[in-house]
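In the block that follows, a single chain appears as structure tokens, in the form predicted alone.
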Amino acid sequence: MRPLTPISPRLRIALGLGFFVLFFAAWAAVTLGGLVSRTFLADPITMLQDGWYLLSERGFAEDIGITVWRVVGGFVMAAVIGVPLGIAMGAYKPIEALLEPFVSFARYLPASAFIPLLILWAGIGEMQKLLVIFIGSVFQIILMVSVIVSATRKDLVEAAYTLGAGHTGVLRRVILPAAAPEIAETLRLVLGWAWTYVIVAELIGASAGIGYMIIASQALLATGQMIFGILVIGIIGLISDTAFRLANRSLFAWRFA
């Protein structure tokens, strides 16, 4: 293997699937072989049986839909606010000087610490869940987009001014097109973080959702159900990440050529 040498798509898929096969084989060997009590770690067969029970008799599909809605809603709110502010911070130094200290401070505040306050402010309804995701995502988006925009090649900006472009024209025709692919990749990464925030939000004050199902299963020591819920999150996240990546490659094919 040579560093940074590309591999074929078929080999990439085969290696990725191969790791999952090894993971589940090791899991089955540990649980079915009696090395770990099934009370603490359900085996893959029990997990699948519990998953079918959740989907067929407990309406778990509705819980999945509710959680997906919360992730998408909170993430879109964060992107709508965070991307324009990040662009403004990266492009205009006075705005960066005004906002960067606060954004750098706020992004270290754990979103879970706001849950008690958000329950007081917004109750235990959907808005509280959305705000947890929003707080956990928006400051990351602002700072990462700002860094991307500020890294725009200065020679391109100067060339645009030389050719007669105005300040707005430079932003619209040079900075934004140059930064757009990296901004899209940043949003893809932050979407993954949004999934961690929604589960935290659903562990407290929720009556539906994947996180609610997991905490309810804990009281019953139903580890198969808990593991199934965790795997569902991973599968949905993998699907959304792949869709996001394919969309980025389609929109910015020149960037990934």
Partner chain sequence: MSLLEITGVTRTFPGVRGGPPVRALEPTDLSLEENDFVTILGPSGCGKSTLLRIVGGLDRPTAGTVTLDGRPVTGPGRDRGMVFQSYTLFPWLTVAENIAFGPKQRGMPAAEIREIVADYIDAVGLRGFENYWPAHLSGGMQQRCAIARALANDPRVLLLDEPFGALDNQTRMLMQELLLSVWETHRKTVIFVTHDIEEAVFMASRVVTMTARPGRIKSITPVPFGHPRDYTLKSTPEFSEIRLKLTEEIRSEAIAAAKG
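Residue numbers count along the first chain shown, from 1. All of these numbers come straight from a predicted model, not from anything done at the bench.
Keep in mind that the form predicted together with its partner chain is not shown, yet the notes after this line are about it.
For the options P94, P116, G166, P101, the residue carrying a heavy atom within 4.5 angstroms of its partner chain in the model of the complex is G166.
Although the partner is absent from the chain shown here, L156, A159 and W254 each have a heavy atom within 4.5 Å of its partner chain in the model of the complex. Taking non-hydrogen atoms only, P177 approaches its partner chain to within 4.5 angstroms in the model of the complex. Although the partner is absent from this view, R107 stays clear of its partner chain in the model of the complex, with no non-hydrogen atom inside 4.5 angstroms.
Only one segment in the set 74 to 82, 120 to 128, 166 to 174, 133 to 141 has any non-hydrogen atom within 4.5 angstroms of its partner chain in the model of the complex, and it is 166 to 174.
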